[in-house]
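Next up: just one chain, as structure tokens, the form predicted on its own.
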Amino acid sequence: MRIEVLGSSAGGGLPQFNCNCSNCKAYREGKSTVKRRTQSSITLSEDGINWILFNASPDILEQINNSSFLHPQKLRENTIKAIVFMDAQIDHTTGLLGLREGCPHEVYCTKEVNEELNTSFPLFKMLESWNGGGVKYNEILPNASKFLIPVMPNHEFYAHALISNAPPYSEYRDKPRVGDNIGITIVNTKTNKRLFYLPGLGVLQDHIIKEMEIADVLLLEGTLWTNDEMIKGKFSKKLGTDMGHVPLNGENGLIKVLNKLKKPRKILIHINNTNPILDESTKEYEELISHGIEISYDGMRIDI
């Protein structure tokens, strides 16, 4: 299984256009320890030719342009053979509009996400006029048996319902349903190697921790360093957990849980531009790395 990180940041990217936090300011001033990051998305392939896209960020066209393995080799060719949506957040779905010339797309998501993307934020309906009907919907059932995606025939996919939050535009904001957010385990049936991908995580439930324990690679959200990061920085009046994100540091933070996991390689994704770990000169970065936890970056390749 080949994993390519197209984007490693949370919504807004780094630098965020209207943000002058220490990280965004440092990047604009050319500080070498802060990297440019686009909004989070990954691609998977088992042959290096045909790809599954997980989330289509608003930066998808820039990401494709920066990824030669996704470039067409024929006059017109779409190398992205399937798209999986983990939720209906704007920073995970809006890029679908930029991919309209490649319609119809095979799309996999839960019925809750499908509902949002046909009503409150009707991307799917908007694309119906392009090339044969926009999207071909394939339902994902969380906490159910495996599902398959034909372009990766030697892999099985398992969806896990996560407690996080519905998008800010949704009527289910602050009262999310099962299916509004999922993590996905991908298992190579030939090697039994496992990737657990969860770019959004609001609560560390027992069944999620158990799935983390048996993964070979964990690619999980690292949005905020502390729960009150956005409040202290005067960026927001909400805690990270209010927005659906478990912080990294603190008594109930992700680092403490990850420290107990012996098997997986631990890699963070979906990292907010305010998070001090994104500056490799900070004490927070040094602390994170000391725990054996990696930070993904745009263009990172992971092989399992």
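Residue indices: 1-based, along the sequence shown. What you are looking at is a predicted structure, and each value in this text was computed from that prediction instead of being measured.
Another form exists, predicted together with D-malate; not displayed. Remarks below refer to it.
Here the chain stands by itself, but in the model of the complex one stretch of 204-212, 112-120, 150-158, 89-97, 89-97, has heavy atoms within 4.5 Å of D-malate. At least one heavy atom of H245 is located within 4.5 Å of D-malate in the model of the complex. Taking the partner from elsewhere, P168 is found to have a heavy atom lying within 4.5 Å of D-malate in the model of the complex. Although the partner is absent here, P15 is not a contact residue: none of its heavy atoms lies within 4.5 angstroms of D-malate in the model of the complex. A residue is said to contact a partner when one of its heavy atoms sits within 4.5 Å of a partner heavy atom; R37 fails this definition for D-malate in the model of the complex, lying far away.
In the model of the complex, H270 is the single residue of 270-294 with at least one heavy atom within 4.5 Å of D-malate.
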